[in-house]
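To begin, one chain is listed below as structure tokens, in the form predicted alone.
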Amino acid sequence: MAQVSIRNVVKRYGSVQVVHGLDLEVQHNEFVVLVGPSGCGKSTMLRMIAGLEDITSGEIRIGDRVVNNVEPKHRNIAMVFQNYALYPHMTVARNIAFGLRAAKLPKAEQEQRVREAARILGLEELLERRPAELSGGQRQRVAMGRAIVRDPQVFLFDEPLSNLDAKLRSSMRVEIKKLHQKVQTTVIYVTHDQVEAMTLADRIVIMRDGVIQQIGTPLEVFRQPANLFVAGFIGSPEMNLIEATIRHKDGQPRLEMPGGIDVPVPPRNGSGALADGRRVTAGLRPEHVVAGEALAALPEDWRARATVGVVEPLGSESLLMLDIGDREITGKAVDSNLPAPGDRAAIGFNLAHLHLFDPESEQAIY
């Protein structure tokens, strides 16, 4: 079994603590993505799992072994880096087999493993080429092949797509997903790109300043963000976060937002904590702020008016930059009859997807 257990792991550089008591259980064959902004501790955590960084305190287990003091080469892991780190004078086949030669495996077994890795990654026609003759995506697949042939318990990926252009990153995400389905091995993957995290992960671990903010499936963290940081980090375009006040009218809580907008708060778990006059941060994703034909599906009480600032046509839909008072929010429209910049347009809030956060603790309350 290739379960990875991280228990109360702390990392300090001198007096600076960069990882704060991190706890995480990665199950056998699970694809877990560590995501967060630069400096959040995700790559440091990956390097501690690999043995490239010592841990200050805590425990890391791979399978049934505590590996705190085990050398990287004895941890039965394979790591794919942002930099391909290929030997330019070697062919693809020799690059893939490099670790096997270092381990002094029989030549016949080396060749068999290289052929199998090349088949999985679509490199069979490229085995005699050198890295200079390959595209960026092909070089990254060679780096992945070098990891596959070692038959590790755990694959570790450290931002492997950061050096690729947008189109190639998209295709390589598919390749990595296919690879995981074929080899059925535990994967821990680090990225700062929330799109990569959403498309690849079985579970996402969202980190900030060395602390885990939330762990869940991609849909869980998207639909039920635990706090303001997760709400603003996951999703593109990001969630609209609007300072608002709760006002009770006829015994029901309503939301007063900038621009004179006053909409009801639908009953839900957490609505009992919404005292009259309480300050909150309201969250609505752009797809839940609509204009045009989509308004017909929303109750009259969920509608308002806003000034259109910018319209960004994207083909199948358009983004609308909307001014409500002194606040700009993002909405979406899918029809061709769009309001023009400067128009005072009717908009609607799909309040079935409303999120409310405490502005002081930043935790979700609704």
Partner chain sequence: MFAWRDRLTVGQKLAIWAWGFLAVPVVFYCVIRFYPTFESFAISLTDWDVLSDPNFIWFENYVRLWNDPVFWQVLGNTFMYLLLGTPISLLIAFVVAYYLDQVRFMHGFMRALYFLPFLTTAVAMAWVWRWFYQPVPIGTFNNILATLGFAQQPFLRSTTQALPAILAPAIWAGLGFQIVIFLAGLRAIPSSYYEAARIDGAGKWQILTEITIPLLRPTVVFLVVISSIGFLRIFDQVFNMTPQGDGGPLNSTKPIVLYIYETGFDAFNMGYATAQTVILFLILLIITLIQLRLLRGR
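Numbering follows the first chain given and starts at 1. Everything numeric here is computed off the predicted structure, so don't read it as measured data.
Although not depicted, the form predicted together with the partner chain is the subject of the following passage.
- Using a 4.5 angstroms limit between non-hydrogen atoms, L284 is distant from the partner chain in the predicted bound form.
- In the predicted bound form, at least one heavy atom of M79 sits within 4.5 Å of the partner chain.
- In the predicted bound form, the partner chain sits within 4.5 Å of a heavy atom belonging to F98.
- Taking the partner from the other structure, the partner chain in the predicted bound form has a heavy atom within 4.5 Å of a heavy atom of G51.
- Across the options 260-268, 197-205, 210-218, 90-98, residues that bring heavy atoms within 4.5 Å of the partner chain in the predicted bound form belong to 90-98.
- The listed set G277, G122, P237, P72 contains one residue whose heavy atoms approach the partner chain in the predicted bound form to within 4.5 Å, identified as P72.
- Note on the partner interface in the predicted bound form: the residue among R139, R173, H180, R130 having a heavy atom within 4.5 angstroms of the partner chain is R130.
- With respect to the partner chain in the predicted bound form, the three residues A85, R146 and R150 uniformly fall within 4.5 angstroms at the level of their nearest heavy atom.
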